[in-house]
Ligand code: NAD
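As a starting point, one isolated chain is supplied in structure tokens, in the form predicted alone.
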């Protein structure tokens, strides 16, 4: 009898990659976590440290050091390596440098015989996910950018904080670019099943609430964290782990990730943050929510920003 074991490879042993590995190990999401980094001694240190925490966990997850030739039997490869933005830069400003790094990663991984799912964390994530899709030649459902999954979690946190409720009781998404142009279809946001517009109307204490200002806060908070601690790691690591868990456990869970649109929302040939159903196949289906005309226009503007910048790297292939 053969017992299948699932394996997740993380490329990049920086704060994001190591935090993702820690999330996978402590939650017992997979059987094996392999870490790859150009700085092998750093990757080895992370592997050793992670191995030493197994004693106090509820599952023995194997943690190993590897290289690209070891990716052939992996179920998922997570790419966290990229160019961090310098002070004053946006995520898009790092596009060309990150694309060069990712190209050096994807080619040898595909040469190993890898045929699983790519989870892209590297920014600007929508453009880089599209680039990985083109480089790998894998089906679109197997290329998943973290997209607006973290942004949506941040938005739910802010809404929950405003109304003093558990953010998990909030139903809300941000959509479009994981960046400055992202938007929220406020007409669909509910708290415990009640529309946010009705909550604001029924309670005079919230008369001064500015929803669009809240979205601006969502777009800026990552840089606020970056400025004070040098990187964002725990939020995005938990996000990546949640996506991986939904895939490996065949959960059919709806998460807003970056995926290739081919007609959905009237958009084509662009990776965008939209709610999708995730299961063992990757992106099983895109959930097309019904937005107002004004919301759809904002979504289109964001998709245009992604498409315009993606072409800059695709044209150089």
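Computed from a predicted structure; not experimentally measured. Residue numbers count along the first chain shown, from 1.
Another form exists, predicted in complex with the ligand; not displayed. Remarks below refer to it.
S.K.: Given that the partner is absent here, state which listed stretch (166-174, 129-137, 78-86, 191-199) has heavy atoms within 4.5 Å of the ligand in the predicted bound form.
M.R.: Looking at the partner contacts, the answer comes out as 78-86.
S.K.: Considering non-hydrogen atoms and a 4.5 Å limit, does the ligand approach residue 104 in the predicted bound form?
M.R.: Judged by the heavy-atom cut-off of 4.5 Å, residue 104 is in contact with the ligand in the predicted bound form.
S.K.: Does any heavy atom of residue 178 come within 4.5 Å of a heavy atom of the ligand in the predicted bound form?
M.R.: Residue 178 belongs to the contact set for the ligand.
S.K.: I'd like to know if residue 150 sits close to the ligand in the predicted bound form, meaning any non-hydrogen atom pair within 4.5 angstroms.
M.R.: Yes, residue 150 sits close enough to the ligand in the predicted bound form that at least one of its heavy atoms falls within 4.5 Å.
S.K.: In the predicted bound form, does residue 296 have a heavy atom within 4.5 Å of the ligand?
M.R.: Outside the cut-off, so no.
S.K.: Which one, 9, 24, 16, 306, lies within 4.5 Å of the ligand in the predicted bound form by heavy atoms?
M.R.: Result of the distance check: 16.
S.K.: Under a 4.5 angstroms heavy atom criterion, identify the one residue in 95, 159, 236, 109 near the ligand in the predicted bound form.
M.R.: For this set of options, the contacting one is 236.
S.K.: Between 119-133 and the ligand in the predicted bound form, list the residues on our side with a heavy atom within 4.5 Å.
M.R.: 121, 122, 123, 125, in sequence order.
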